[in-house]
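Encoded as structure tokens, the following chain is the form predicted on its own, with no partner shown.
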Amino acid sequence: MKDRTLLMIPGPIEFEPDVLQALGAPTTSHVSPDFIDVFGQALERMRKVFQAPSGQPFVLSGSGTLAMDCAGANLIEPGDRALVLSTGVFGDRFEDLLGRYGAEVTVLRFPLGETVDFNQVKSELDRSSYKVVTATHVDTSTAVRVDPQQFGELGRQFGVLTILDGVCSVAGEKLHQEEWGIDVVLTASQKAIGVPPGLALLVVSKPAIEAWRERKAPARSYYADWEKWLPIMEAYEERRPSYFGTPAVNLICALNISLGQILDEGLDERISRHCQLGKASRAAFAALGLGTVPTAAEHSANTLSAPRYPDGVTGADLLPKIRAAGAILAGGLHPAIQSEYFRIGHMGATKAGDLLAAIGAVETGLKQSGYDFELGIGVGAAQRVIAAC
């Protein structure tokens, strides 16, 4: 009997068997020839997945928050001006983070559930000069998606460095880092990249590396300093041993396998699959009469959904029932509406059958919570979307 509940939170996600097998393999030396080759290949594959052929990849042991910190620590010096575009909790994090490194931070917070208004951003960039502007491609707290192409284009237009938090988007949402002129794209291993938690991943443009080299003083973070890590990344890619801090050997082996799987699937096909899952999920919750935190499908993420609880149903009642029916979902995260919605992840290795099973578990939980609806209507709506794609 299968003794496992389907994990459908917005990270960590379900992982492919070959990725998990790499974690259980005997750990080798971080300077053994076999591992050096694996690490070098992973760095090369990152460029392809991020679509940044001349970008500089970094792989550090840590979380997505470390990846954010790494960008801020290396690109901000005291007195630099930074513009933060926020569509949720993770956008807000940049305000505190950049301020820790001495930035003078201006925040444009957009209404809850709305995406970035780039006309407003352009007006702000016309009015004031900034060194850095940040955005969150998909904010995991709201499931709101931002257009990264417009973001990169504005950065180029105004000569400002762009930092895109792609923790919940890279390898699941459309992204052409170099073509669109985005200077730093950062993510974490445990979401659409498809590797268990523990790796902070960044790809940095040549202009951003040049800006870092022009710093007046070393980065204030010792661990996150590119001065420490750039020679390591260059050495591994050149298939030479090097050392600053011990890398997460098994996780990097798993990363290389997952990146290979992503490229084998094909980036266009993978993004299309995530788009299908997003549409199917939104169709299911609409059929069930549930609102969502994003106010329009056009800026709803394809990697997760954030449906609102129906009247009379609470998360404390519903989520355990959904879990008992076979799927683990996440509660709300945004403090302003935390008790009003829940979140379902559908990214990475998630297939249509996984989503349909999770929606079926949601229907079971809703029915057991006393919500009145036609059983099967959500699953049916999702199936119709999937069948039509």
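Keep in mind the model is a prediction, meaning the values are calculated, not measured. All residue numbers are counted from 1 along the displayed sequence.
The next section is about a form of this same protein that is not shown, the form predicted together with a small molecule.
Figure note: of the listed segments 220-228, 204-212, 244-252, 163-171, the one touching the small molecule in the model of the complex, with heavy atoms no more than 4.5 Å away, is 163-171. Proximity of T142 to the small molecule in the model of the complex: non-hydrogen atoms within 4.5 Å are absent; the residue sits far from the partner. When contacts are judged by a 4.5 Å heavy atom cut-off, F90 counts as touching the small molecule in the model of the complex. Interface membership of A327, defined by any non-hydrogen atom within 4.5 Å of the small molecule in the model of the complex, is ruled out. The closest heavy atom approach of S305 to the small molecule in the model of the complex falls outside 4.5 Å.
When you look in the model of the complex, the only residue of S29, Q41, T65, T364 with a non-hydrogen atom within 4.5 Å of the small molecule is T65. A heavy atom within 4.5 Å of the small molecule in the model of the complex is found for one listed residue only; from Q276, T292, Q190, T115, this is Q190.
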